[in-house]
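Next up is one chain by itself, shown in structure tokens, the form predicted alone.
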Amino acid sequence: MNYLFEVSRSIKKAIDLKKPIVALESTLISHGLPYPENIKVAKESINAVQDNGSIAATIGIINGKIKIGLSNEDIEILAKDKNVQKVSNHNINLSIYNKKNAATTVASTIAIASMFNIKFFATGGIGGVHLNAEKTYDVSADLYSLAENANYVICSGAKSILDLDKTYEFLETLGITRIGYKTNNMPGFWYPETLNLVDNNFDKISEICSFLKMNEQLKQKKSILIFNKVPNENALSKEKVSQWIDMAIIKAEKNKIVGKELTPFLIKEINESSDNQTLNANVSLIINNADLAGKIAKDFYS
């Protein structure tokens, strides 16, 4: 198994010494953000984790090898290479077998982090139940990965372009606890709040850690979502976001864009319609979530 993985020296040491580690995904580098914003955000997320006393472990695949702790050179490859694959749990094995460069989604990052007992993971927004899922059966593997692994995931809810109400309900069905940090409602990714209530709101990091430590005693094999709202200065209104989404969906249908190509298309179209407002919100919340994850992981292991 060792030849399939490469763990950076600092992260291996942190694992051995049970130090606080926060896993970070790499899809935002290759598919989520434009160049050179992707490199900047990846590095700022790493810094945000480490400035709070935790160690950042960005996960990705380089030449068919899973790397836990991408180097600056690795990040450059994923940011610039136009042929980087986007891998979830159903196709990660093929990218390794074919020795490809690939970026890990929320689902595959959580699965890999769990192999190395890395408990904390920070991302922008999770995948979820897609619009019209009752016809397409398009439900993100992220939700199942959350249900199959015991990680503590800091995010700003599910991406705004999804069916957030159905996603909220499906999280409950899968037994995934939904807690808020200074919020009583599940965030809407680009906008601060949906109408869906969290299972519990915590106003202090110490309270979250106390709860997580108690949860460890239960030995449940489920992840816990820790919702963190988009920072106020970059938050958008639900009404505006809904208008931009509707416009982008009409264009996607007209151009017959479906499947895995749909999400990046919609995000690109919405960003153009919003004059980069959604991009700015996305960047802001990603770094903000990494910052919070670094703080919670540090407190948890103190």
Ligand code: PSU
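Don't overthink the numbering: it's just position in the shown sequence, from 1. In this text, all values refer to a predicted model and were calculated from it rather than measured experimentally.
The next section is about a form of this same protein that is not shown, the form predicted in complex with this ligand.
Colleague: Out of Lys100, Lys86, Lys80, Lys222, which one falls within 4.5 Å of this ligand in the model of the complex, going by heavy atoms?
Modeller: Exactly one residue meets the criterion: Lys86.
Colleague: Answer with one of Thr194, Thr183, Asn149, Ser140: the residue that has a non-hydrogen atom within 4.5 Å of this ligand in the model of the complex.
Modeller: It is Ser140.
Colleague: Can you pick the stretch from 230-238, 45-53, 61-69, 22-30 whose heavy atoms fall within 4.5 Å of this ligand in the model of the complex?
Modeller: One stretch meets the cut-off, namely 22-30.
Colleague: Find out whether any non-hydrogen atom of Gly125 is located within 4.5 angstroms of this ligand in the model of the complex, and reply yes or no.
Modeller: Yes - in the model of the complex, heavy atoms of Gly125 and this ligand come within 4.5 Å of each other.
Colleague: Contact between Ser156 and this ligand in the model of the complex at 4.5 Å, heavy atoms?
Modeller: Close contact is absent here: in the model of the complex, Ser156 is far from this ligand, nothing within 4.5 Å, heavy atoms only.
Colleague: Is there a non-hydrogen atom of Phe120 within 4.5 angstroms of a non-hydrogen atom of this ligand in the model of the complex?
Modeller: No, Phe120 sits far enough from this ligand in the model of the complex that none of its heavy atoms falls within 4.5 Å.
Colleague: Quick one: does Thr263 come within 4.5 Å of this ligand in the model of the complex, counting heavy atoms only?
Modeller: So Thr263 counts as contacting this ligand.
Colleague: Contact check in the model of the complex: Thr105, His130 and Ile267 versus this ligand, with a cutoff of 4.5 Å between any heavy atoms. Do all three pass?
Modeller: Verified in the model of the complex; spot residues all in contact, yes.
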